[in-house]
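Below you'll find only one chain, the form predicted on its own, shown as structure tokens.
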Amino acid sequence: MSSTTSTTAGARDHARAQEGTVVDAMPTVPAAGAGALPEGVVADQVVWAETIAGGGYGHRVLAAGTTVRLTDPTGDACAGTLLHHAGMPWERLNVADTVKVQWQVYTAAGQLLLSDQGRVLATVLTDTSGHHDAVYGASTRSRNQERYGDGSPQGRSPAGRELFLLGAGKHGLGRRDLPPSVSFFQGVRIDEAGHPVWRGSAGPGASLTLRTELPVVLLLANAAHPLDPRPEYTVGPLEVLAWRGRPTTPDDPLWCATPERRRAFENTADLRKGLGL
């Protein structure tokens, strides 16, 4: 029996009939059409608006000074996050330096996401969650295979590292370009004995905003956290909204909040100046 898509013409007509279809998880194109913008943000400033499904990924090149708001609408998102310097991808997020240089392993507003060269790739501006993890990274294919029976990116329980790889490939990056990541919206704490304690999420509606300080490639992998104790692969949608702005300047209280932050911002500003940004 033939179907409406069994011929080229039928497939074309079927595809064109889908135009205008809106589903729960998809990008808004153009992004200026996104609704419910934050106060003070106008449609023309918006550069990225997308809902990433659980088990999905997102990626985008963003200019320095872009504000990125991540929202966990159901309380089950887990936003694995990586940053690379756009055009110079050998400079990338270094989670070890991020926590070591700032003497703090727990993400909160004011934390800088540092590169391996001591520069600021992004700043955490606001955070209503407080449930994050900068220690355990993203799940691997082999772990999800063992835990859920499948870790492939197109399977029913995709691993975070495999989703990162799909996004990275869109920017000419490969597996060796993927450093350890930070996870937002699913938290882990370390107890007095040095053991991880799973905290899960802060509940539905939590959000976090980042400000990019250099041109970056932002990779997001919305996959179950590797320490999530729930027996079933559980991850909800992740909302992304980004709009144009300016990098942090010396008159911002964040700039000199600590000696380490001041040096990192100065390193970053010098590079931007050298690049003519």
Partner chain sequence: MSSREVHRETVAACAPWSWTLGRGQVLTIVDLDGNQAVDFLAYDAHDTSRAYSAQTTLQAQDSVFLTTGSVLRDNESDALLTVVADEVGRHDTLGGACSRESNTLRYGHHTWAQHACAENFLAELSRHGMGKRDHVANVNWYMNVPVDPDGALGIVDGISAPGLSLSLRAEKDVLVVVSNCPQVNNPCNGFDPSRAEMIVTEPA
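Owing to the predicted nature of the structure, the values given are computational and were not obtained by experimental measurement. Residue numbers count along the first chain shown, from 1.
We do not show the form predicted in complex with the partner chain, though everything after this point is about it.
Novice: Please determine, with the chain shown alone, which of 148-156, 169-177, 202-210, 69-77 has non-hydrogen atoms within 4.5 Å of the partner chain in the predicted complex.
Specialist: Selected range: 169-177.
Novice: Check each of Pro226, Pro215, Gly55, Gly58 and return the one that places a heavy atom within 4.5 angstroms of the partner chain in the predicted complex.
Specialist: Contact with the partner chain in the predicted complex is made by Pro226 alone.
Novice: Taking Val23, Trp48 and Arg230 together, does each of them reach the partner chain in the predicted complex with some heavy atom inside 4.5 Å?
Specialist: Answer is no for this spot.
Novice: Do Gln186 and the partner chain come within 4.5 Å of each other in the predicted complex, heavy atoms counted?
Specialist: Output for Gln186 is no: heavy atoms all beyond 4.5 Å of the partner chain.
Novice: Using a 4.5 Å heavy atom cut-off, state whether Thr126 contacts the partner chain in the predicted complex.
Specialist: No, Thr126 stays farther than 4.5 Å from the partner chain in the predicted complex.
Novice: How about His85: is it within 4.5 Å of the partner chain in the predicted complex, going by heavy atoms?
Specialist: His85: no contact with the partner chain in the predicted complex.
Novice: Is there any non-hydrogen atom of Leu121 lying within 4.5 Å of the partner chain in the predicted complex?
Specialist: Judged by the heavy-atom cut-off of 4.5 Å, Leu121 is well away from the partner chain in the predicted complex.
Novice: Suppose contact means any heavy atom within 4.5 Å; which members of 115-153 contact the partner chain in the predicted complex?
Specialist: Residues within 4.5 Å: Asp116, Gln117, Gly118, Ala134, Val135, Tyr136, Gly137, Ala138, Ser139, Thr140, Ser142, Arg143.
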